[in-house]
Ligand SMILES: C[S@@+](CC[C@H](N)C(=O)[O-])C[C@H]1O[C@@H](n2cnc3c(N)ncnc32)[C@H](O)[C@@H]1O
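In structure tokens, the next block holds one chain alone, the form predicted on its own.
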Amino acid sequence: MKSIFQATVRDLSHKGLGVVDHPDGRTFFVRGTWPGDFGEFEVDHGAQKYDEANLLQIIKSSADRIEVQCSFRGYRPGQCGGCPWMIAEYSSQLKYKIKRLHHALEKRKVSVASEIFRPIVASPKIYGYRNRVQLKTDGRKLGYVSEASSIFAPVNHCMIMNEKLHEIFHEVLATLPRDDFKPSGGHNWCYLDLDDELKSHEITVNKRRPFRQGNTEQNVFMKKWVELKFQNLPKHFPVIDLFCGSGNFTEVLSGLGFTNILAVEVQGSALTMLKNKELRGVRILELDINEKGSWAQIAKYQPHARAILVDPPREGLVKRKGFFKYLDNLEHIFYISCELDTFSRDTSDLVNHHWSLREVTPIDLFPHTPHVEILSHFSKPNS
């Protein structure tokens, strides 16, 4: 049995889904909706509070709702599940990204003075901004996956790819069908990492590319931010670039003239790329930060570090105890985060260990998604 009800979407959840209230007091989350939408929804009679409801129809649209420009985008099976916020004006997307950041910090009881928050840095492009994507293929078609499912959603055009990447996409598309793209071992598809720095003939299935920021213009801003934060620090300061990858920010530190940079990353192709750059003043430490004794190893190679740049994956600083135990001389932490929950968790821990939060700058790398990147600065009192 199903229960059908009408309601107004009053907010967005921490995952970016619309929030609606059932007449009996239960609260549900709904895909494909935006605050201010009035619609008709459906749930199972036995649905629990905070389950998902299905959208049947929008009766009256939010003032911020716009027509989706992409013909492949949707929340139904077989439709592309990317860009879920493409239904809303870009200014409204930015508003709710800021709200998500505030909520994440408040949930961890982190109090942040208003002057510490900088305005969100909007993406210069809201379409044609991505320099890399991961696609699925069954050997006959290319595509993404339907939202909250494992259903293949073929596409022959993607509005978020930049011009060069879109050319590569169509070059690969023109080679289909291909036997070497067919999945094996019972899998429904293979994956393809497309990157605007690659040639189409260099692309192979199930081979991950080293991490790279997906929005070129916003990455320029991020590198400039790092440059501004480090430019007034003494160049003899021992510094650490943790989760350095292929050296996106290591290049900035080297270019500023720092003479003692320890770049730390787990072994892989990204480190090979960094080594090939032969950056001045840089030593490389191959290390998995989540392994036991890793912080002691970092302290051994950079015992008097005064500043650290941290750009972790979504899980953030999982192993943090050694951070506080071994790096006694640290004065500055510059933390770049791609995940609100782990950023707020780590921020709470840093503040509880007497670090002061000096700046939070949100930046929008991926328009039409709930994602928001955070650039932050912590310092020891009197630093």
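The structure displayed is predicted, hence computed values, not measured ones. Numbering starts at 1 and runs along the sequence shown.
Only in words, not in the display: the form predicted in complex with the named molecule, which the text now covers.
Only one segment in the set 120 to 128, 167 to 175, 206 to 214, 181 to 189 has residues whose heavy atoms sit within 4.5 Å of the named molecule in the predicted bound form; it is 206 to 214. A single residue from the set 75, 72, 237, 243 has any heavy atom within 4.5 angstroms of the named molecule in the predicted bound form; that residue is 243. For the candidate set 284, 299, 266, 256, a heavy atom within 4.5 Å of the named molecule in the predicted bound form is found for exactly one residue, namely 266.
Although the partner is absent here, residue 154 sits far enough away that none of its heavy atoms falls within 4.5 Å of the named molecule in the predicted bound form.
Using a 4.5 Å cutoff between non-hydrogen atoms, residue 112 does not count as a contact of the named molecule in the predicted bound form. In the predicted bound form, at least one heavy atom of residue 288 sits within 4.5 Å of the named molecule. Using a 4.5 Å cutoff between non-hydrogen atoms, residue 79 does not count as a contact of the named molecule in the predicted bound form.
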